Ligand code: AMO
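Below you'll find only one chain, the form predicted on its own, shown as structure tokens.
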């Protein structure tokens, strides 16, 4: 083992790997990173160092480099965390066209055991094995590309909403009662009371839109659904939007512009990451295609898939429909009984509601609609859904003080990243996914 010094002392980074180019010829620099590969050729040792920006080549000459450096690298283990001080030299075959000739090396940490799998190996490990040691899996360029893309998506989303004059909010994730219906909630002990993890910020964001008019939140939601599929999680990140003085038509237009903007931005900012994933993104042409629920059922009549009017669309039915619409499209005007109590029925036909789902092929990415803004109508819908009205007193009383017309949507960020990266398993695009079988790491 080479000598290890965990203290940085006066050592501080002056460059990242991607800064090491011929423009810095002969300049003295300091870099930090992890040793990814080591290659011996004659009296020369080549190290590839990886940091948060990329990789850089470090070249040690047995006869020319300082003896202390040559001695330090003799037993240097792969994946050791090190610092390098040295001068930059142009080298066309090196990453970015330059390498570092070290004058000093600081070994900060060396692995005490062999990695259970090679993150750069050609053999793909099972996702469960990789998730058990997620941080090791994140050494893979492919995994890093996914989360760099995810980071840009979040950055672009927030900027888009801010440019549209939306206010970012944070709503409680511990709630007093299972007021929202739908998927089961996770119960927990809140001091001496029973509470639940929130499955949506819906009611809070509606209330806040009555004051701030345009609000959004990017935060976790929790759903105690006992099944495991390639597109469901127990903890997910939801992008929730609510806007006053608009209808579902307006928020659909906002949503499709945001999706288009995200794709354009990724093509500009993530060329390398998209290349690693072998993904080509075509910005969607606006306006997106809209198909009604009734039109979907009519199209399904020509297939073997049967759906009764008023039922939700099954996975099989969505796969059939996606053959006609392989990219982004809206399914609009759902049966009122199939949607949440707060979705507004159409004035001309109460059996249908002002609702939409944004699909990408067979995958639902977004659900939204116009909300009921009248207290009496909302109380009626709560009762029709078989929910306990008294659990909604804290929400209904806000309507007594005046509630403007409003609409909004909830977008599943993790599913969107799946679509943008062409990843089949949602667990691949979440750093530490939670599902019925996984609570660690």
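Residue numbers count along the first chain shown, from 1. These numbers come from a predicted model, not from an experiment.
Not on display, but discussed next: the form predicted together with aspartyl-adenosine-5'-monophosphate (AMO).
- Message: Considering non-hydrogen atoms and a 4.5 Å limit, which listed residue (399, 392, 32, 409) is close to aspartyl-adenosine-5'-monophosphate (AMO) in the predicted bound form?
- Response: So the residue touching aspartyl-adenosine-5'-monophosphate (AMO) in the predicted bound form, by this definition, is 409.
- Taking 4.5 Å between heavy atoms as the contact cutoff, choose which of 210, 260, 367, 290 touches aspartyl-adenosine-5'-monophosphate (AMO) in the predicted bound form. Here the answer is residue option 367.
- Query: Just one stretch in 299-307, 229-237, 70-78, 139-147 has heavy atoms within 4.5 Å of aspartyl-adenosine-5'-monophosphate (AMO) in the predicted bound form, so which one is it?
  - Reply: Only one stretch passes the 4.5 Å heavy-atom test: 229-237.
- Task: Using heavy atoms only and a 4.5 Å cut-off, decide whether all three of 200, 342 and 415 touch aspartyl-adenosine-5'-monophosphate (AMO) in the predicted bound form.
- Result: Every residue of the candidate spot has a heavy atom within 4.5 Å of aspartyl-adenosine-5'-monophosphate (AMO) in the predicted bound form.
- Taking heavy atoms only, is residue 205 within 4.5 angstroms of aspartyl-adenosine-5'-monophosphate (AMO) in the predicted bound form? Looking in the predicted bound form, residue contacts with aspartyl-adenosine-5'-monophosphate (AMO) include residue 205, since a heavy atom lies within 4.5 Å.
- Message: Just checking whether residue 24 would be counted as a contact of aspartyl-adenosine-5'-monophosphate (AMO) in the predicted bound form - the rule being heavy atoms within 4.5 angstroms.
- Response: No - in the predicted bound form, heavy atoms of residue 24 and aspartyl-adenosine-5'-monophosphate (AMO) never come within 4.5 Å of each other.
- Query: Does aspartyl-adenosine-5'-monophosphate (AMO) get within 4.5 angstroms of any non-hydrogen atom of residue 96 in the predicted bound form?
  - Reply: Flag for residue 96 set to no.
- Look up in the predicted bound form whether residue 225 has a non-hydrogen atom within 4.5 angstroms of aspartyl-adenosine-5'-monophosphate (AMO), and give yes or no. Residue-level check for residue 225: yes, a contact with aspartyl-adenosine-5'-monophosphate (AMO).
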